[in-house]
Each structure stands twice: as C-alpha cells, then as structure tokens.
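What follows is a single chain, given as structure tokens, in the form predicted alone.
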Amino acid sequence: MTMFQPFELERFFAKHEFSAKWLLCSSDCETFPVRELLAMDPDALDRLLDLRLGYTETRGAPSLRASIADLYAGLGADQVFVHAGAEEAILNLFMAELSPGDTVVVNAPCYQSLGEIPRALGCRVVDWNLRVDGQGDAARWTLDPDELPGLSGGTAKIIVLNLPHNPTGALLTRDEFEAVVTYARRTGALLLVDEVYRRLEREQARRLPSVCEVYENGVALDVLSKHSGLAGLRVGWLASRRADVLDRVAVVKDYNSICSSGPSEVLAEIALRSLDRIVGRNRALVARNLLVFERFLAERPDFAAWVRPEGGSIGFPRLADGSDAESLAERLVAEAGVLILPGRFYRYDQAHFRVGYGRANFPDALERLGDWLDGRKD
C-alpha cells in the first residue's frame, strides 16, 4: 500500500499562512483581482458569463492547450496536458511512469513531493545535492552534471530538476543544462524539469530553453501560480513530445480530478494572452524587492546572509549564528505576525530559511521583521 509521509511544508503553511499578518516566505508573486484580468481582453467578460458549467476535457480545453503550446518552440496543443495546479501534474506523472525499484535522481533540497512521491511508490530516490561555488558576490548555488553517472548508475528512470530552483533561486548555466540533457539522452532517462519559476530570471539572457524544446524525452512542468501570481486558478500543465507518457498520465488523471474547472480554464487562457504583461509586472516587483532585502542583510550582518538567487521569487538565507530557524520562525510569527519558512521543511540545514520577495507588501513585512529584531536588542 502506498503511504505518503506528511507534507511538512504544507502542514506548516496550513497552521500559519492564513493567520500570519505578514508573509515573508511566499513562493508566489503578487496576484490581482478577476476584474483586472477580465479588463485585459475586451471579449473576456462575455466569454466567462456565457460559459456553460459542464465538464471540461480531461487534457484541458483545446484553445487553452493551444495557448500554452504557443509558449514553446515546436510544440502543438496535443503535446500539452492541463492539470489542477502543478502538484496534481507531479503526482499523475510519477504514478504513470514509476514502478517499485525504479531509480529517480532528484535535485536536493527540493519541494517535498518531487522526492516523496517516488519514495512512496517504492522507488530508489537519490539526492543530487546543490552546492555553493565561489565566494562573496561571485558565489552561486549550482549542481555538478559530472555527478550524474555516479548517482544514477546509468539506470535512472527519471531525473528531476527544478530551475530556477526552490528554495535557493539557483539557475544552471546553458552549458551545465546541456550537459544534463546530454547525459539523460545517453541513458534514455526522462528528464522532468519543474519550470514554475521560469521567466523570473534575474537576467533574461540567462533564461534556459524549456526541456521539452531541447530533449525528446523531456517533460516540462509549469503553472500560473508562481510567475503570474494566479495561484487561485489552479491551472498547471505538463508539456512533452512523448505522447505515450501523456497518454499514461491521462489514465491516472481519470482516478483523481478527471478534469479542470471550466471557469479557471477560461481565465487562464485570458491570462496567457497577456502573459508578458503579467510576468513583466512581477519581474519588476521582484527586482525591487531583491534590492530591498539585500540592503536589509547588509545592515544586519549579525542576522543572516545568503547566496544571491539567480532566478525566481525566493531565496534561502542562513542565520548568522547557525541557530534553529524553526524556533526563530515560531517566535517571530507569534510575537510579530511575520512568517518565514524554516529550512527543515526542505530536509536541509536547520539554520537556513526561505524568504519570498514577489509580493507588493514585502518591504512592509521586512520592516516588521527589522523592528522585531531591533526590539530583541533593547
């Protein structure tokens, strides 16, 4: 019987996310109301109001899949499979493709489901650990592609990457990424790349191609929750040239959500037509907040330090004194209403914690943290 371990990160958020006044660890970017989204398309309101509330197609509305496919070079609508958020897509893909005894290599630390679901399915899960290269301003989180043969033994069924990475903000160079693709191609492994923070690179020139564009066995995962701030739509997708993989995913989906929400699909398609505008706004917000946080760290070197993220809306500082970030987080939310995410929930060094700087009120939340830290010194 498949048994999943409790999703500790989500249990922590269930306890605090909707009661804490100031969220300093949100992974998604700033959202906006339905009214504003509808205003982006002159036909949007009529289309939404005229929608009949029946079942939708299992793989997603053809027009929505076509809009998603337009994001990728050389892909068509039949190579896109819509899901209820990224989490369902992860579950369905792993359940479709993995069997007990399979080897799965997963970058670590990682969002728990990327490693926990394969483990619960009876797979051999091998961590591919991020490390910090360089010092000072030149330091970066990265993965070494040369480690893959030793980790997988050439038998990995799936290799899992998350780029830009949650929680570190790491981003491979083009050469590093191509080395991973080359190894996967040589061994025949599926390469699943969680691309939910793609488009939020610090330097747009550093944006990597989607794995489904460059590798015949690549599977790209994306969602409107992170870069677009539309988590409430619960619309994510898999994109791949492997029709057989998507067919097997469809068999699994029949046993859970069956199909997505019709209104969400309509709103998602509207958002995709204005994706550059939406993401551009969030990119600008992320860039401003990144500078605010770096000034904060520079002014309080006795609090924490980090390796500067290269992408995404999240980072992974470490407490300067090496103390337990979970203990700090519980005190901070109880006394100041400010929430950070302890690194323990990534099964990582307890002194690390995640910050999220994609929200408009990030400077205000950071000010509350500063006031609380200053108050502890009095």
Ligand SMILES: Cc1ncc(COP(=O)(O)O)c(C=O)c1O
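All residue numbers are counted from 1 along the displayed sequence. The structure displayed is predicted, hence computed values, not measured ones.
What comes next is about the form predicted in complex with the named molecule, which does not appear here.
- Heavy atoms of G85 reach within 4.5 Å of the named molecule in the model of the complex, making it an interface residue.
- In the model of the complex, N162 approaches the named molecule with a heavy atom inside 4.5 Å.
- At a distance threshold of 4.5 angstroms between non-hydrogen atoms, V196 is in contact with the named molecule in the model of the complex.
- Although the partner is absent here, W141 lies well away from the named molecule in the model of the complex, with no heavy atom inside 4.5 Å.
- Distance criterion of 4.5 Å from any heavy atom to the named molecule in the model of the complex singles out R234 from the list R242, R248, R124, R234.
- Contact annotation: of the candidates N166, N92, N282, N289, the single residue with a non-hydrogen atom within 4.5 angstroms of the named molecule in the model of the complex is N166.
- None of 303-311, 179-187, 261-269, 224-232 except one has non-hydrogen atoms within 4.5 angstroms of the named molecule in the model of the complex; the exception is 224-232.
- The partner is not shown here, but in the model of the complex the stretch 103-119 reaches within 4.5 angstroms of the named molecule through a heavy atom at Y111 alone.
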